[in-house]
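Only one chain is given next, in structure tokens, and it is the form predicted alone.
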Amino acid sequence: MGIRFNQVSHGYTSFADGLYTAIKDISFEISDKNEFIALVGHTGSGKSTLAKHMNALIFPTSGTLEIFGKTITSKRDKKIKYNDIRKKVGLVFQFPEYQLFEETVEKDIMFGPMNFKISKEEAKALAKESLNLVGLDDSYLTRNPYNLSGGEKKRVSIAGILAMNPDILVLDEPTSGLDPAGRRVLMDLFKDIHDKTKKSVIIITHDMDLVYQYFNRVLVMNEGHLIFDGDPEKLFREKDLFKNHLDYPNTIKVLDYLNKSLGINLDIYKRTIEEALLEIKGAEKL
């Protein structure tokens, strides 16, 4: 077991509104291996707050959280080494510039490992290995992170977390701001990392096409509550996703439209564009 939420709630205090409870009575588990999970929900549903609990960046207001055998409560425990938890559960923020601050890509990626007392030589080797894992070659090591494109910054920030060899990787909307081709390239990268390393990967996203195509488990947040935990196809077979501020993937919408407009009976639950096209071509032969 990697992470277990036990009736976790978390509230923020604001001067204007008093206490705002962002997540409410959350209970679920994440294995330390072989999970590939999408975390979805409308803006303000509690996704990012939930993610920050996964590496003890913030603590529960009530309930308990178990992370690799360490019990996290509302009070800081002096016996727990929280940096060790954050090494096991790597969190990549939505905006990579929040995690990039050194003058070269190599130094940026080396920073985390060296914080954990790894030698400079080992950190250099990890920087190169992690950079290659995210699809960037060695020429990027000497470049300034601030001169990179948005997509390249995302990759470098991910490499910086991977260099610390976390067991679980949590990414907050890593595909936001990218075009469709860029989103697929990055998702293929995450899936490849997952397949090669067997690390559990949790990705916050609003893109239902990506959820349906890539993931085998989806967590749905709505107004601070976890309202669904299961297979994406089961989620998308529900007739009224809109009440939870969700939409259907484009493959389902297009195939359903064709069924209704042409009076045919296509299987609408196709996960990829390629599968949907094959379904349409099959109907043409009938």
Ligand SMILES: Nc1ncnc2c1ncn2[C@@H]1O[C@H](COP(=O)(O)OP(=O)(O)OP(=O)(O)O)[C@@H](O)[C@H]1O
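Start at 1 and count along the sequence shown; that's the residue number. Since the model is a prediction, treat every value here as computed from it, not as a measurement.
Below, we turn to the form predicted in complex with the ligand, even though it does not appear here.
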| item | value |
| --- | --- |
| Whether A22, G44 and H206 all lie within 4.5 angstroms of the ligand in the predicted bound form by heavy atom | yes |
| Exercise: T49 in contact with the ligand in the predicted bound form, heavy atom 4.5 Å | yes |
| 4.5 Å heavy atom contact, N165 and the ligand in the predicted bound form | no |
| Partner contact for Y269 in the predicted bound form: the ligand, 4.5 angstroms, heavy atom | no |
| is_contact(N115, the ligand) in the predicted bound form, heavy atom dist at most 4.5 Å | no |
| Answer option from Q94, N132, T104, T73, heavy atom within 4.5 Å of the ligand in the predicted bound form | Q94 |
| Listed range touching the ligand, judged in the predicted bound form by heavy atoms within 4.5 Å, from 250-258, 35-43, 235-243, 63-71 | 35-43 |
| Those residues of 166-196 which, in the predicted bound form, come within 4.5 Å of the ligand by heavy atom | E173 |
